[in-house]
Structures are given as C-alpha cells and as structure tokens.
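Here's a solo chain for you in structure tokens, the form predicted alone.
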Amino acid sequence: MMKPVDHFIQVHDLVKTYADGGRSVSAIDQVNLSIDDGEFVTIMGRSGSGKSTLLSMLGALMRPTSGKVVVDSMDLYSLGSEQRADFRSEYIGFIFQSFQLIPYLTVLENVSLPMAVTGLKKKKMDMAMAVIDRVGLADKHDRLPDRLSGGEQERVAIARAIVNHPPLILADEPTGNLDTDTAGRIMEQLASLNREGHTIVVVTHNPEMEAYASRNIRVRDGRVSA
C-alpha cells in the first residue's frame, strides 16, 4: 500500500439532507475541509450538530446528498459499493462509542475480525495477539466482552481498529461512556498511534479531549469551522 499524500482527506461542498415531515433538513450543509496525512483532529459539537453524520461520510459509510469526499486521491462516492468496502478494509479503522463487539466472540476473535479469516491461522493469531498485548489485555484475550469493563471493551475496539495497520482511524465518541481517568488513557493510546503516523479523526462532545489533537474542528447546525 502506498503512503498517503498530504491533504489525505478533502471534502468539497458536502451536503446531507433528510426528509422530515415533508420538509428537507440539512444534517451537513456545504462543508469544505481538508485533513493532512498524520494529523490528529477532533470534531466537536453538540448532540445533533451533524458531527457523527460527517464522520460516517468520511468513512465511506453514508452517501452524501451532494458534494465529494476524496481520500488519498480517491473520490469515495464515485466508487462502487464493493470498491468502497475494499477501501474501508484497507484504509480505515473504526472505533464506535457502543464498541460493537460481538458478544459471543472472545477478545482475540473480535480483534481478528477485520482480517476476514475463517478459522484463525497462527500468523493471524500472532498479529491479533500483538495488538491485544499493546492495549494491555493479553491476559484477557480469551474472555467474552461481558466479562470486561467499559474501558477494557474500548481497548478491544481500538485493537480491532488497528490490527490491519490502517492509515486512518475514525473514532465516534470513543470516551463517551467512560470515566475521566479511563477516557484520558484511551486518548493517550490514540495520541500514541498518531505519533506512529496514523491519521486520527475523533468525534467528541467533550472539550477536554481537544488537548490531545493537533487541530480542532467545530460543527454547529451542519456547518464547520476550523
């Protein structure tokens, strides 16, 4: 995989509208922004401001009503659905507030999911165990998610996001359900990944999280300001 170029992410005139009772509501309204290779960016805003909608479109999960999202010179929404799925697999690690761990799979099995294997081969298991060890859960690799604390589940979600070494990590409120100390440790782990070269984009409503980023973007009523 080629190293991403500067202005890794470019958003042009992005619009996302929904029908609401016969009227059109803009969740994202004429957004233009760029994010460079290796940046750590937070997207701040109140609930309903459009920040999670914006993140979903950056991650090729939600088609915009109009406008473009270009990542590493690829116009995401000119790609077919299978091409976008390949893009997500190669380029992006997702971290969600709800963790989205499979409850009947162990930590090791959850972390291994992005590698898309049927029956874990030793090399894949070793790769998964390496990132599990990195987030401090090697001794709990065989546990199910309901036997982990909220902070531990978030660390599993981080391990799963980075197991394929994606250049871009998108996190939607990764500390929203955590206490202050645990949230700080999670953000420190994301900052460490950023220092290694990963581009990090974090959606949050917590202004304390801004201190970890190199740049903060604010969303209000579907519009952004850097």
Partner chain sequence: MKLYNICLGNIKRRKTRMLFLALGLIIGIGTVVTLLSITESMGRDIEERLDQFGANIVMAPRMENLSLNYGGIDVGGVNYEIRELDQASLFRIHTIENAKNLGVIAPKILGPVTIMDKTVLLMGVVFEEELALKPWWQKTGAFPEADNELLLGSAAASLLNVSPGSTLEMKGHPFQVSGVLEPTGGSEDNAVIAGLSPAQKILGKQGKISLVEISAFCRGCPITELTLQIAEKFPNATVTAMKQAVMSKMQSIELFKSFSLGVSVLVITIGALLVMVTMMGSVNQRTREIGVFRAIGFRQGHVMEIILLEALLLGVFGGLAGFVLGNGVARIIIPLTLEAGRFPGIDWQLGGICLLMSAALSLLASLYPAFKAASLDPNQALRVL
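Predicted model only: the values in this text are computed from it and were never measured. Positions refer to the first chain, counted from 1.
This protein has a second form, the form predicted in complex with the partner chain, left out of what is shown; the following refers to that one.
*Asks:* Just one of Met44, Met62, Ala183, Val41 has a heavy atom within 4.5 Å of the partner chain in the predicted bound form. Which one?
*Replies:* Of Met44, Met62, Ala183, Val41, the residue with a heavy atom within 4.5 Å of the partner chain in the predicted bound form is Met62.
*Asks:* Would you kindly say which of Ser78, Ser149, Ser73, Ser89 lies with a heavy atom within 4.5 Å of the partner chain in the predicted bound form?
*Replies:* The residue from Ser78, Ser149, Ser73, Ser89 that makes the contact is Ser89.
*Asks:* Classify Met115 as contacting or not contacting the partner chain in the predicted bound form by the rule of any non-hydrogen atom within 4.5 angstroms, answering yes or no.
*Replies:* Judged by the heavy-atom cut-off of 4.5 Å, Met115 is in contact with the partner chain in the predicted bound form.
*Asks:* Examine Ile28 and determine whether its closest non-hydrogen atom to the partner chain in the predicted bound form is within 4.5 angstroms.
*Replies:* Residue-level check for Ile28: no, no contact with the partner chain.
*Asks:* Taking any heavy atom pair closer than or equal to 4.5 Å as contact, tell me whether Asp37 reaches the partner chain in the predicted bound form.
*Replies:* No - in the predicted bound form, heavy atoms of Asp37 and the partner chain never come within 4.5 Å of each other.
*Asks:* Is Glu82 close enough to the partner chain in the predicted bound form to count, meaning some heavy atom within 4.5 Å?
*Replies:* Taking the distances in the predicted bound form, the answer for Glu82 is yes, it comes within 4.5 Å of the partner chain.
*Asks:* Given the stretches 52 to 60, 65 to 73, 183 to 191, 28 to 36, which is the single one in contact with the partner chain in the predicted bound form, using a heavy atom cutoff of 4.5 Å?
*Replies:* Heavy atoms within 4.5 Å of the partner chain in the predicted bound form occur in 52 to 60.
*Asks:* So in the predicted bound form, are Ile102, Thr106 and Asp172 all sitting within 4.5 Å of the partner chain, heavy atoms only?
*Replies:* Heavy-atom distance to the partner chain in the predicted bound form: all three under 4.5 Å.
*Asks:* Given a 4.5 Å distance limit between heavy atoms, list every residue of 145 to 167 close to the partner chain in the predicted bound form, or none if there are none.
*Replies:* Heavy-atom contacts within 4.5 Å come from Arg160 alone.
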